[in-house]
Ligand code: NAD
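As structure tokens, one chain now follows by itself in the form predicted alone.
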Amino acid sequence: MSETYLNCIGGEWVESQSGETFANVNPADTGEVVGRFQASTAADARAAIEAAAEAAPAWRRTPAPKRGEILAAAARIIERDLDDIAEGLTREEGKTLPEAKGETARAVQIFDYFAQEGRRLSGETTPSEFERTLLYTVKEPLGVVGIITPWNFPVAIPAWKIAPALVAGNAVVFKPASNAPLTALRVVKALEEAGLPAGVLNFVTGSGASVGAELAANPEVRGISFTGSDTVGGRLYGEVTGRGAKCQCEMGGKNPIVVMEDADLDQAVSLTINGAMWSTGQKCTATSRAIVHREVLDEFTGKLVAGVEEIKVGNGLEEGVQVGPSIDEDQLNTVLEYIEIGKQEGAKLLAGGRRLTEPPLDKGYFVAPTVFGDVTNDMRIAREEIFGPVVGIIAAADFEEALAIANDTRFGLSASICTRDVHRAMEFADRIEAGMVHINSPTVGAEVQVPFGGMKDSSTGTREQGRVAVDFYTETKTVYFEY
């Protein structure tokens, strides 16, 4: 019998007013229900917003270094419980246990980093043109903010949104993805144990149509940070900013790795597999296009196919498994549909391309890691985000053509180039239309101390992580002090 988990509103763990719950299912073994969660209504979201609004003034008055101390304490709790949190993450999301442990360790780093931000929340002093006038700025919290997170990084993404929001002095209403709420709940529990005052962080599970819609429309919510699809993000951004609140959206990617003729091909193949296949390709920064110089196209393709065919797919809790399942049946079907689209468009299927149903894989949503050759950049599989272990190989005659292909997308999140030529590498860094650029490293991966975000349809322009993360959750006040 699986456990039923509650919402946290105003420091109390309560059932939804709907009286209904939904099942959280293990995507590697759909016979296992990881837990049941509250199917919350707009009324539940309003109650959480009211609780946050009530708690916000006292939290705002709490000195920022003291707010940081609570984040630091939460980091130690997550670190203490790392193995348990990671196992739960793998059960509900499907990624391999080593990946889950790495992600949980990243959450520890995030809380530690933003804990110290409590001592760095500085404004600036500026010379005034008037005599005996002190002119300075301060950062002040927005008040109540909404956090809406996806399922693919259910501990890291909540951490990198909630931590800067809290250290800046905001009260939070947090709606995690319904596919991975248990790991998100563990973040809330850690902060509760660390001494976060009641009502400062409220946890409400449920659909975007109910909880998310209330967060978007409620005038008490002065900012929303969202990570998810560009379709939902675009709609949310318009609604939230339309009523004068702030909205931060991190959305999709169609991230290229460019492989030049002078590249270390073994390294290039390793980086491509890393970016395209690990985490089942379910990353906004995943590599989905390999743009390869024609001189090395055949050799690179052969090495990539051989490497992909050696990947072990299975339950992420099993030792040696490298790729887990898609998160649910809908996502599995989306991946399989795009594979069929690729075939119909004339791309050549070189590896994978099918659902894996050999026992015990028949219990989950597994698809074989897939490689397409003969891909052109006008194909849908080269233009639309698939969010699965699928990569297409596109040929390029030279650097200029490769760069043009890489930029020919409405997305601009991450991009990589493999080359030994430092001049070409710098040219790529200067001219690629992406928010994050990698030279001889995979398109995935982001360090907490630097900004994370993209260009074009990938992001709304504001950045997460690094010191700039706090900027979204604050407003600047300018003070003229004449003495």
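The first residue of the sequence shown is number 1, and the count goes up from there. None of the values given here were measured: they were computed from a predicted structure.
We do not show the form predicted together with this ligand, though everything after this point is about it.
Checked against this ligand in the predicted bound form, the residues Val269, Leu236, Val259, Ala100 give one hit for a heavy atom within 4.5 Å, which is Leu236. Only one of Ala263, Ala194, Leu361, Ala177 lies close to this ligand in the predicted bound form, with a heavy atom inside 4.5 Å, and it is Ala177. Taken together, the three residues Trp151, Gly208 and Glu250 all come within 4.5 Å of this ligand in the predicted bound form, as judged by their closest heavy atom. Not displayed here, this ligand is kept clear of Ala190 by more than 4.5 Å at the level of heavy atoms in the predicted bound form. Mapping the unseen interface onto this chain, Phe226 counts among the residues with a heavy atom inside 4.5 Å of this ligand in the predicted bound form. Proximity of Gly212 to this ligand in the predicted bound form falls within the 4.5 Å heavy atom cutoff.
Looking at Glu117, you'd find every heavy atom of it more than 4.5 angstroms from this ligand in the predicted bound form.
Listed stretches are 168-176, 127-135, 81-89, 312-320; the contact stretch with this ligand in the predicted bound form is 168-176, by a heavy atom cutoff of 4.5 Å.
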